[in-house]
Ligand SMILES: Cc1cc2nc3c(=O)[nH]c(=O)nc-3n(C[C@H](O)[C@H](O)[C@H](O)COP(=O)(O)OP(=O)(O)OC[C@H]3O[C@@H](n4cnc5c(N)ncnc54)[C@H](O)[C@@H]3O)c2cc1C
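Take a look at this single chain in structure tokens; it is the form predicted on its own.
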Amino acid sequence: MANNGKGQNIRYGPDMKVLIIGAGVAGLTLAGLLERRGFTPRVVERAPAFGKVGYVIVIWPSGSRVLKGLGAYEKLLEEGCQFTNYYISNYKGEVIKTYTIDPVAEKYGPIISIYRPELIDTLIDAVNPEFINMNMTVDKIDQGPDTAEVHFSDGSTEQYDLVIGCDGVRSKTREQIFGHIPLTYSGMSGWGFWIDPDLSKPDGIVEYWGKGKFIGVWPTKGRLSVFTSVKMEEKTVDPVDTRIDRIKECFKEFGGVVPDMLDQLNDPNEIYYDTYNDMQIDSWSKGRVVLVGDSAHAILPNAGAGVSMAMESAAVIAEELCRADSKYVEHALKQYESRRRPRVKKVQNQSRMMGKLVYSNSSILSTARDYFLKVYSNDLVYKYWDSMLKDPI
């Protein structure tokens, strides 16, 4: 730490005081990366404990690269499931297309599915537990010229050189600093639930594409998760007590193993429901506060990109902060954003395009889509994945 001769102490790189809000994938990844660079970040998380909440998520090779930097890749391989096959069926259960992404895995590394709590456990192991504060929220952030004063829910107040919001798509940090930024509703909502892994033992992802409806079966180690999507009006309510009946009604015409899956639904409280939104914001930082992950660039779940994109952003901002100091930290934040925006925009746009293809609500368009898939070359699939993975992060 040095004094600039004007009474202002300047902290360089790892000496800066950094607060991370949110101990999800983005927050824990960032904390672990900063720790390995000599920082001592503080992480606050509103949940009282890390629970077993969540479903199967997908890690792209770009996300795996970040985990390699954390020394967590081997555990990812142990807990996750590598897959290369992808099966697309129509709503009747008839397979339209089967393709492999072996060439992608050969060039960039495997695509891995993992139960979200097991990924969180993997990331927790990469962070000093003394850095993590559970059951705590930020009530207020007051920004000054030299520091940000943060008021916590326990009544304490501390000064930080940088505050990083990693608190998800419905970020309270974003709301405090940028005001209300509306999410963009995709027109789709859906449910997620677990089924008996013995019911279906796919060697890859299996998806059923209907008219404005979708069911995906995603395997991981010892588990089988089902995700659904249905065209719905925005703000459609989903009462828990009638949830199962509603799901069965939505997919009553689907064939294959779908009827058997629906027969396994028995506890509506164990079924996850959400609307599918993404978000774009003009700037990811303001003063000494910056957003990372879904709080900055939420992405539709169509391509399974959100988690890996959050990890990528954590890696980039961690790298930029190594070259920053407390006086000019805002410049580092702009560098982070300029490096990430083109890639984020590309993936967001691709995810939106994929959604329009999969969720077509027109009989004519969905029929044309199914025909197109039958003649769709595996080379085109490879080119799609190659375009998503070749770009620098």
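So that there is no doubt, residue numbering starts at 1 and follows the sequence shown. Given the structure is predicted, the values throughout are model-derived calculations rather than measurements.
Omitted from view is the form predicted together with the ligand, to which the following refers.
Trainee: Would Leu19 show up as a contact with the ligand in the model of the complex if we use heavy atoms at 4.5 Å?
Mentor: Looking in the model of the complex, residue contacts with the ligand do not include Leu19, since no heavy atom lies within 4.5 Å.
Trainee: Hey, in the model of the complex, does Arg339 get a heavy atom within 4.5 angstroms of the ligand?
Mentor: Arg339: no, not in contact with the ligand in the model of the complex.
Trainee: Just checking whether Val307 would be counted as a contact of the ligand in the model of the complex - the rule being heavy atoms within 4.5 angstroms.
Mentor: Yes - in the model of the complex, heavy atoms of Val307 and the ligand come within 4.5 Å of each other.
Trainee: So in the model of the complex, is the ligand close enough to Val56 to count as touching (4.5 Å, heavy atoms)?
Mentor: Yes, Val56 lies within 4.5 Å of the ligand in the model of the complex.
Trainee: Just one of 272-280, 238-246, 142-150, 70-78 has residues with a heavy atom within 4.5 Å of the ligand in the model of the complex, so point it out.
Mentor: Answer to the contact question: 272-280.
Trainee: Considering Leu265, Met136, Ala105, Ile132, which brings a non-hydrogen atom within 4.5 Å of the ligand in the model of the complex?
Mentor: Selected option: Met136.
Trainee: Only one of Arg116, Lys211, Lys231, Arg223 has a non-hydrogen atom within 4.5 angstroms of the ligand in the model of the complex; which is it?
Mentor: Contact check passes for Arg116.
Trainee: Could you run down 164-195 and flag each residue that has a heavy atom within 4.5 Å of the ligand in the model of the complex?
Mentor: Residues within 4.5 Å: Cys166, Asp167, Gly168, Lys172.
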